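Shown here is one chain on its own, the form predicted alone, set out as structure tokens.
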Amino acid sequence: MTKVKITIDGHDLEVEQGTNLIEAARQLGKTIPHYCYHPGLPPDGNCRMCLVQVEKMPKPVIGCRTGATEGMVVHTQSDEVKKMRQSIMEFLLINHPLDCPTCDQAGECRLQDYYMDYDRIPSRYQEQKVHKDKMVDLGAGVMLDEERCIVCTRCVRVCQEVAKSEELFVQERGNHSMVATFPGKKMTNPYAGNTVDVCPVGALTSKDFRYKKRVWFLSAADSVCQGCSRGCNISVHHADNRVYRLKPRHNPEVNDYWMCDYGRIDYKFVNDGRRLKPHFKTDAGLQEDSYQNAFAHLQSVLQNYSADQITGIASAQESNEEINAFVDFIKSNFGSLPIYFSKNNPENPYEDDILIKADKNPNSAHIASKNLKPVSEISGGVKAVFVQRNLSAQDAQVLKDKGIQIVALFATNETNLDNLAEVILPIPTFAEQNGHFTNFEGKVQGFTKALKPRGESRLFAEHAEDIKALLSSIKKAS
């Protein structure tokens, strides 16, 4: 691409020819205010908030649709520009309701931010505001407050450009314009949550998150979605050791600015009050107890098998680090048998050509790199197994059919194996540890710890040290 030299507010820089002025200014750390423009969508140019002055041009231009050319001199902070922004803000606020204290967007609303930056004057509008519906269910978990909408059309373009659907449009004209679905229709596309993400005001809100927590109480941790093998980059928004929402994090090589709605709500199990504690099987069924007693029971079970009868089943749901620790433990302490793997394997998994993959595991690629075998190929010499996370229904049935004992299950929540395992030991969720997933393209992506591990959860490596001690005591006793 051809490079051109331009000047913005007295600062010289070199950018690719045609770069819009909002993005050019961003390279200098400057923000040209905007509503309708989004870097992941085609520019629309309807809000006019990004007006700037360019020398030798007869009138102000919009930054989102003005490309950089050689020698261009741009002014983004002149008195005239500031006056234009103030006028745009006054225009947008004519009919906007003053309900910030009850608006779920408060704290991350550009209308609030830009009012404080460029307006700060009392309204001169004395007439009755135009009133519209305050709670419109658009479908797909999205609620619309028509009075708050500034008709930036970001949401319309998300449906058109990202979800490849035509579910939203703008109806009516003038100050009666509003975003809507077609009569009798609801949004059903699996990317509808992105319309909430891009809404710069409080018009679109998520049913899942609305009125759950004020955003200024939330912290964010960089993470990776574990819903499928795409590995969308996300932020985990949390407070009080609880996850409140997941939002997409920009990565142009993986998910751009977006994520699907399936992954967006794939955090509920982290907050689940039924998170596991140490358990072991008794004649009366599973019994919750201390780690000490659970390991004592495990020791008694392991004494029934020789080392060459035991192996492990790793999980494609776990991080690279946890898989490595599990496989290394099995190899170093048993070793003579192949090690196996299991995946989340739902029937007829949904896939599209946008983001969603049919493989509903975040780490199938790393499992493949370890040369493990599928449970369907498990050999007759296996009498007992350690299981990481869970098993698919098909794999669990294989163990039942072959009479293979699950001596220890390492899991976060209740699973379909609870009544089959002799001992259950709790491990942390992805939100409670640092680690990496390897996506279907082989990209290794890191995620960071957002929460403290719940209850008595421990990483597998910690469990492994205690189990090694058990095995050592068994050998000495024999």
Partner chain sequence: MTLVLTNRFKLKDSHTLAVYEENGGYKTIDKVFATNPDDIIEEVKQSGLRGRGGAGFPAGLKWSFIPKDPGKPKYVCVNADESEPGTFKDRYLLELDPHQLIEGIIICCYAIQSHDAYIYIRGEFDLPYRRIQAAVDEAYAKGYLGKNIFGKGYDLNIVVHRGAGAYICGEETALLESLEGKRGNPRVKPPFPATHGAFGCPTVINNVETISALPWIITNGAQNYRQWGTEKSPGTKMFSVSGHVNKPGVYEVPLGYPIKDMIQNECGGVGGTGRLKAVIPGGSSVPVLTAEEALDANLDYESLMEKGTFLGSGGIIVIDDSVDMLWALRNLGHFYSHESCGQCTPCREGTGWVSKILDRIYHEGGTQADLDLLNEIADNMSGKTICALADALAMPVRSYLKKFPEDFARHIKKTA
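Numbering follows the first chain given and starts at 1. What you see is a predicted model; the values in this text were computed from it and never measured.
Omitted here: the form predicted together with the partner chain. The next part is about that form.
Only one of 287 to 295, 320 to 328, 163 to 171, 353 to 361 lies within 4.5 Å of the partner chain in the predicted complex by heavy atoms, and it is 163 to 171. At a distance threshold of 4.5 angstroms between non-hydrogen atoms, residue 452 is out of contact with the partner chain in the predicted complex. Not displayed here, the partner chain is kept clear of residue 30 by more than 4.5 Å at the level of heavy atoms in the predicted complex. Taking the partner from the other structure, the partner chain in the predicted complex has a heavy atom within 4.5 Å of a heavy atom of residue 90. Proximity of residue 42 to the partner chain in the predicted complex falls outside the 4.5 Å heavy atom cutoff. Taken together, the three residues 51, 129 and 150 all come within 4.5 Å of the partner chain in the predicted complex, as judged by their closest heavy atom. In summary, among the residues 47, 68, 421, 411, the only one with a non-hydrogen atom within 4.5 Å of the partner chain in the predicted complex is 47. The listed set 84, 396, 302, 159 contains one residue whose heavy atoms approach the partner chain in the predicted complex to within 4.5 Å, identified as 84.
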